[in-house]
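Below sits a lone chain in structure tokens, taken as the form predicted on its own.
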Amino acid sequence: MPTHAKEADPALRVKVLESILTEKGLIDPKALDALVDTFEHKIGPRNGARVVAKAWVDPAYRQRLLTDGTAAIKELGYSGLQGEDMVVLENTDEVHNMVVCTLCSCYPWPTLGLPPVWYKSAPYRARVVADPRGVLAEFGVTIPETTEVRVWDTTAELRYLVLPKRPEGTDGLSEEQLAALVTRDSMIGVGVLAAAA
């Protein structure tokens, strides 16, 4: 195989493969687009945002979530392949958690949907362990020096979800309004949520 073929852009390789499979009648592009849309916009991060918002408004649920993430997440109907064993890590003023999969791209699909491209990239996987604050800075996040930054490495058996700190000024918001504030990046730990305006 020529060297340039090995280095081809992954998105381009996917498009070429999709074209070949479509020409052979093995896939329906509309069905594939619907599947991707489902994971990116209908399930995925919205599910995790609902988990986070419920934990912010329901102290008993929050405790169950931190004690047994798998069971608490399943209470809301979010479980399945790639989410069988979940641990929830709470961000506080003292500790900021970040998630990575250094070996591949293990990711909690039922709660966060499809993993972002950067999560699967070799530079993120290598650098987040060696320089977590530097990686956070690249995402526009500055964590106080007094806050410990912990990096958690997922495995084929175990996935993590970060419970971000609830933004200041959100006391009067409903659970649904709170869920709308939660970002995918905040549940991976590379984002923080701004105070409500």
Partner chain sequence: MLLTPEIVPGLVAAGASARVAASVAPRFRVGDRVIVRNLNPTTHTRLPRYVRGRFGVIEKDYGVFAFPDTHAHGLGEKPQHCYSVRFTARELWGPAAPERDTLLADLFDDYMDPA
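Rigid core: the largest C-alpha set superposing within 1.5 Å between the two forms. Owing to the predicted nature of the structure, the values given are computational and were not obtained by experimental measurement. Residue numbers count along the first chain shown, from 1.
Keep in mind the form predicted in complex with the partner chain is missing from the figure; the text below concerns it.
Colleague: Looking at the partner chain in the predicted bound form, do all three of A137, T142 and V192 come within 4.5 Å of it through at least one heavy atom?
Modeller: No, because A137, T142 and V192 lack any heavy atom that approaches the partner chain to within 4.5 Å in the predicted bound form.
Colleague: Please identify the residue among V117, A71, C104, L76 with any heavy atom within 4.5 Å of the partner chain in the predicted bound form.
Modeller: The residue in contact is C104.
Colleague: May I ask you to check whether T170 falls inside a 4.5 Å heavy atom distance of the partner chain in the predicted bound form?
Modeller: No.
Colleague: Taking 4.5 angstroms as the cut-off for heavy atoms, does R150 touch the partner chain in the predicted bound form?
Modeller: Contact check for R150: yes, within 4.5 Å of the partner chain in the predicted bound form.
Colleague: D58 versus the partner chain, in the predicted bound form: is there a non-hydrogen atom within 4.5 Å?
Modeller: Judged by the heavy-atom cut-off of 4.5 Å, D58 is well away from the partner chain in the predicted bound form.
Colleague: Can you check whether R133 is within 4.5 Å of the partner chain in the predicted bound form, heavy atom basis?
Modeller: Result yes; R133 sits at the interface with the partner chain in the predicted bound form.
Colleague: Within 4.5 Å of the partner chain in the predicted bound form, counting any non-hydrogen atom, which residues from 149-168 show up?
Modeller: Sequence-ordered list: V149, R150, V151, W152, D153, T154, T155, A156, E157, L158, Y160.
Colleague: When the rigid core is used for the superposition, does S174 move between the shown form and the other one (threshold: C-alpha shift of 2 Å or more)?
Modeller: No; S174 is a residue whose C-alpha shifts by less than 2 Å between the shown form and the other one when the cores are overlaid.
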